[in-house]
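Given next, in structure tokens, is a single chain: the form predicted on its own.
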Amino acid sequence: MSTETLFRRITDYAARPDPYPLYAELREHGVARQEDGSYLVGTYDEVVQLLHDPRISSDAHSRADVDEELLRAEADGMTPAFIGLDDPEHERLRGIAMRPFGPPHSPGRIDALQDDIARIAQELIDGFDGREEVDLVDDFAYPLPVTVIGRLLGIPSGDMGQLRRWTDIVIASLDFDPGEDPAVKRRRGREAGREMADYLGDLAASRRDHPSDDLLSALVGDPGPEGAFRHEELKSTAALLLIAGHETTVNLITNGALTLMRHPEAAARLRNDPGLMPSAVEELLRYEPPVQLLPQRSPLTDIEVAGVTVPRGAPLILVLAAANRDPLRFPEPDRFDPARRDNQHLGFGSGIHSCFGAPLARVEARIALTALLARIGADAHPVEDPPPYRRSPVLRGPRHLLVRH
């Protein structure tokens, strides 16, 4: 089959349970030009090189096919989040956001959350009592990180339902379903993102006069050496923190639980040696990464990748999940090994755009999976395998995971 259809086949919903044979096909061809003029890259060395190449832009304005809907949204006052910008603006905004969130300026914030995360995880698991079947997404993997990021930002718990509805629309706009007009999906996603940002902007503004110990109060109250956010920047950053602060972690925990049920010998090993869990989480990030691909890059000039010239402005899609199973980098890449060494995976990306919330996601996944293994028995199994998956090929994970335990 032609490699020009690879992206269409990867994003086809039928491939969601197991896209890895298609990723292997991509690696065999190095760089694959697609029928729409985009380029796919899935080999480890090339993906790492591109993630660190200053000639590769994350700014949608660098694309030859600039999204007209984006231009209209920006003309109407919408500010992109920093993951959609290049340096120096990306560095400035990320620096402001990082000051109250984690190292080096606030090294204790994530560690201080551990007891609270463990308590939330245990409360959710206590809800399994008396039930033969639970949905690990709705009953555990979703409410855990949502509760954590909501409390961290200082969002009233009663508002989280509306925020979930906005988030679902934003994530759905990342789907590549050919049956829907992509411009309509993007517009719908941006409208939901704008409503969410307006809500968070109002909430942050209320913290100026009534600060608390939450992250929004810190973001509006500490200008730092880089200066302070403008209000529109604060809104887009808060929306980014909320979405990125739980969407990928839900998939990491769910993919992790499913992988451990499919590998009972690894689960038994972790029950006997919980100290191995940090290594197991790194392996899960390699083996079943919650972010499968980065579709929003483009070169600022003509570049050569593995002997193929990618023209300036062409959509460049970096398939992290394919790179994570490159046999030239990882021995036995299709084997799940919770004690794998030299595991420099790309589960959180790499380079200047590496995942901002990685420290929190690691802690949440470690605590969640340890607590889960302690609660469900060795005979716990999915009611349906493969389970139904969410539509997004970018943020890949089960929509539901019914487990009998």
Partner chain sequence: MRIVVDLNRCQGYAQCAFLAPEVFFLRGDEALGYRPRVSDDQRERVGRAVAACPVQAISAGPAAGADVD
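Positions refer to the first chain, counted from 1. Not measured: the values here are computed from a predicted model.
Omitted from view is the form predicted together with its partner chain, to which the following refers.
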(request) Report yes if all three of 45, 259 and 335 come within 4.5 Å of its partner chain in the predicted complex by some heavy atom, otherwise no. (result) no
(message) Can you pick out, from 57, 38, 49, 343, the residue that has a heavy atom within 4.5 Å of its partner chain in the predicted complex?
(response) 343
(request) Only one of 78, 266, 170, 98 comes within 4.5 Å of its partner chain in the predicted complex by heavy atoms, so just point that one out. (result) 98
(message) Taking its partner chain as it sits in the predicted complex, is residue 33 in contact with it (heavy atom to heavy atom, 4.5 Å or less)?
(response) no
(request) Give a yes/no on whether residue 363 approaches its partner chain to within 4.5 Å in the predicted complex, heavy atoms considered. (result) yes
(message) Residue-level contact is defined here as any heavy atom of the residue lying within 4.5 Å of its partner chain in the predicted complex; does residue 358 satisfy this criterion?
(response) yes
(request) Classify residue 86 as contacting or not contacting its partner chain in the predicted complex by the rule of any non-hydrogen atom within 4.5 angstroms, answering yes or no. (result) no
(request) Sort through 297 to 305, 145 to 153, 104 to 112, 207 to 215 and report the only stretch with a non-hydrogen atom within 4.5 Å of its partner chain in the predicted complex. (result) 104 to 112
